[in-house]
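One chain comes next, on its own, written as C-alpha cells: the form predicted on its own.
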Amino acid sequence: MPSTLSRRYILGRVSLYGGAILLALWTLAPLYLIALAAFSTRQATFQWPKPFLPTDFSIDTMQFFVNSRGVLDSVRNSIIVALLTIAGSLVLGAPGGYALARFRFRGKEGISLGLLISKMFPTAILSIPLAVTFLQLDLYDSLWGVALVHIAMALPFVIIVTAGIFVGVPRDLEEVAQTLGCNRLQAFLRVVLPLALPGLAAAAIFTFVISWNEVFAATILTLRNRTLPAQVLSGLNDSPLYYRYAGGFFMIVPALIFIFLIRRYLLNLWGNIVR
C-alpha cells in the first residue's frame, strides 16, 4: 500500500510540474520568437524555416524602430498615462472595494452586478460620444483624457479585486486598532491597507497592462499625443515586417519590467493563499 501511494504521489507531482512547464513554454514561446526577430538582421526576418537559436544577432532593427519619428514621445506618453491610470484606479477603487467588503447597505448586490455588467459593453460603441464630449471639455488629444478612459475601463476590476482582498483581512484587527485610539480611516491606513498590499499589487499589474495595451481609445481620442500602441498601429500598414516585430517586443518589455519590480507583493499574496 505505501508503494502504491508513493507512486501516485510521484505521478501527481510529475504531472503537476509537467503541466506547469508546458504552460510556461506555451506562454514564453511567442515572446521568445518576437525577441528573436527583433534582434536579428532584417534579412533574417524573412528566412524560412526560422532558426530556433539566434544566428544573426543585430540591433539594427531595434535602432530603426526606436529612431522612428514619434516612438520615444509615445513611450513617454504611455508611461504617463499608465501611471495616472494606476493612481486613479487605486485611489477610487480601493475605497470602493473596502465599502463593498465591510458595509451592508441597500443595493449592494446590484452595484456588484453593475460593475460586472459594465465590462460587457465594448468601447467601440462609445467612440463618437466620447470624442464629442472630450472636444466639449477640452480634453481631446490630451493625456488626461486618455487616462480618464483607462481609469473607467480598469475601475470595475480594481473594485472587485480589492473587495475580495479586504474580505480576507480579519475585521478583528481593525476593531482592535480602533479600541487603541485609531479612527476608521487611521485603522484602514495603518492596519488594513498594509495587509492588502499584495492584492493591490495584483490590481496594479492588471491596470498597467490594460492601460499599456489599450489602443482603441488612444487612437480615437488623440492625434499628436499618442500612446505607443496607437503610434505603432498607425504605422503598421506602411511598415516593414521587422518594424512590427521590433514594435511588438518594445511594447512587451515595459510590462515585464513593471511586473518584475512588484513581484514580491505577488509572492506574498501567493504565500498567504498557501498558508
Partner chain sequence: MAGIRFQSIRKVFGKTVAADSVSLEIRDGEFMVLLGPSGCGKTTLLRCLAGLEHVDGGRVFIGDRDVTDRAPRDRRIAMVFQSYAVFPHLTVFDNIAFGLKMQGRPRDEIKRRVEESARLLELTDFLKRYPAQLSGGQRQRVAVARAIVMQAAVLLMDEPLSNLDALLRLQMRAELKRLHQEIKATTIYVTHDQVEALSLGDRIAVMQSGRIVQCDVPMNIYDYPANKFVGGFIGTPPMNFLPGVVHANGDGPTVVVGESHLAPAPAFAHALSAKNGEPILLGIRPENLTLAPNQQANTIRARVRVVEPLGSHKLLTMQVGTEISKVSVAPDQRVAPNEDVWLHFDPEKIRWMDAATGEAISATVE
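Residue numbers count along the first chain shown, from 1. Model, not experiment: these values are computed from the prediction.
Absent from the display: the form predicted in complex with its partner chain. The rest refers to it.
By the criterion of a heavy atom within 4.5 Å, Ile80 is excluded from the residues contacting its partner chain in the predicted complex.
Using a 4.5 angstroms threshold between heavy atoms, Cys182 counts as touching its partner chain in the predicted complex. At the 4.5 Å threshold, heavy atoms of Val176 reach its partner chain in the predicted complex.
Although the partner is absent here, Leu195 sits close enough that one of its heavy atoms falls within 4.5 Å of its partner chain in the predicted complex.
Checking Ile160, Leu143, Val191, Leu84 for any heavy atom within 4.5 Å of its partner chain in the predicted complex turns up a single hit: Val191.
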